[in-house]
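One chain comes next, on its own, written out as structure tokens in the form predicted alone.
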Amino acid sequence: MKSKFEAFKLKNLSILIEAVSQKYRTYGPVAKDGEHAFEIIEPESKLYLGCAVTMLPAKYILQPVWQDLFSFKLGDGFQIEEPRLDEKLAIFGISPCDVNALLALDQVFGGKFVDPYYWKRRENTLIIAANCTEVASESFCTSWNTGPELHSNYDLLLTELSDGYLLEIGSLEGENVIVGLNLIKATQADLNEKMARLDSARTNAKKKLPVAPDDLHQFFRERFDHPAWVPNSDVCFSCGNCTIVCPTCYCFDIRDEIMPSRSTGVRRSEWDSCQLLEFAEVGFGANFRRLRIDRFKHRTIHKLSWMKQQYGLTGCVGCGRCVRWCPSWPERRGRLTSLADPVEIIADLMEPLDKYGTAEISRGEAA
């Protein structure tokens, strides 16, 4: 939905946070241990909205790392009890790339097979997005057109100005939140400053995909056996960090936990990662992606190509979390790259074959 309501000027965020918190359990990006994380906020909370690339994306609010699907009890028949999911939620300060990531998850969890746990939370969630007035060094959202500006799919939209915030309304639910706040209307100068700040953010964004997004499917088809996969995957830790922090990764496992009484228990889901050795393991020890190179290629190509073939939306929004939280990142800090960096992987695959001599694809077991 494109904003069709008036824009307002907001001097500080506390009045809006208080109005939202009265009706919703509200999460926002705050400083934590030198980084930023989405946590429950109060009106006095100090939010970081400049370019809040939080370690975990906002998806964890809708698809928790661990969640009880239902508890069960044996005795007089088989009884189950499901958790209540009708709580009103609000995500305050979510960036444009993370909103686009939620749109991708909507296709996964709300398409052919509906995940009621995700979808119930999604329907009860107010989106208060914040345009990015700068782009993080590891981000390449401009290549996907997923940032720094959001044009739709929000209830409220904030843009930081030199003397406050521009507040735009994108839905009736968003409009209802600010009723009674006596906000002043934004001026044309405020709107002009917004556009100038976002133009500057786009101009200063240096990291770009070297291949046009629409050409990536054919690009990977032609380079599926390129020798450049070998040196990257051979030194990958296969730790799964790149997938855990990714805002569009959606894989999870389900386990049953039986209490000592053997008459009660709980069924839980927990995030899983295609980069872990056990992920593709099936009965009798067979494993469809036992080799590390197979897992490395799967994650890259699924993100950048296959997910769009499946769901119509890209599995990468250019947030740069996989770059920043890959364990190889500290060693390469300053070069704006890591082993998980899609931009660098594509650049390596564009190198001529003779650069890699007679290198053969490793067939060794994963660490």
Partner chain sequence: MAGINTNNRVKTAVFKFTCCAGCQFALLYFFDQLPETLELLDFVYFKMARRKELDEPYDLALIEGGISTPEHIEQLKRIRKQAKILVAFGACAAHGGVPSIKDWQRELAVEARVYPDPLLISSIKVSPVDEFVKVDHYLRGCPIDEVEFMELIRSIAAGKKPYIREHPVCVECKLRNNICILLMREGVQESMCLGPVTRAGCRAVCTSNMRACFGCRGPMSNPNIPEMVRTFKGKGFSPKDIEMRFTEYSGLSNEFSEGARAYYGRKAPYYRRKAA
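None of the values given here were measured: they were computed from a predicted structure. Numbering follows the first chain given and starts at 1.
There is also a form predicted together with the partner chain; it is not shown, and the following applies to it.
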With the partner chain left out here, work out from 99-107, 198-206, 250-258, 176-184 which stretch has heavy atoms within 4.5 Å of it in the model of the complex. 250-258
Could you work out which of 313, 47, 55, 69 is the residue within 4.5 angstroms of the partner chain in the model of the complex, going by heavy atoms? 55
To verify the annotation, which of these, 89, 191, 230, 276, has a non-hydrogen atom within 4.5 Å of the partner chain in the model of the complex? 276
With a cut-off of 4.5 Å between heavy atoms, is residue 303 one of the residues that contacts the partner chain in the model of the complex? no
The partner chain contact in the model of the complex: residue 127, any heavy atom under 4.5 Å: no
Using the partner position in the model of the complex, report whether residue 123 sits within 4.5 Å of the partner chain, counting heavy atoms only. no
Applying a 4.5 Å heavy atom distance criterion, does residue 234 contact the partner chain in the model of the complex? yes
Out of 24-44, which residues reach within 4.5 Å of the partner chain in the model of the complex, heavy atoms considered? 32, 33, 35, 37, 38
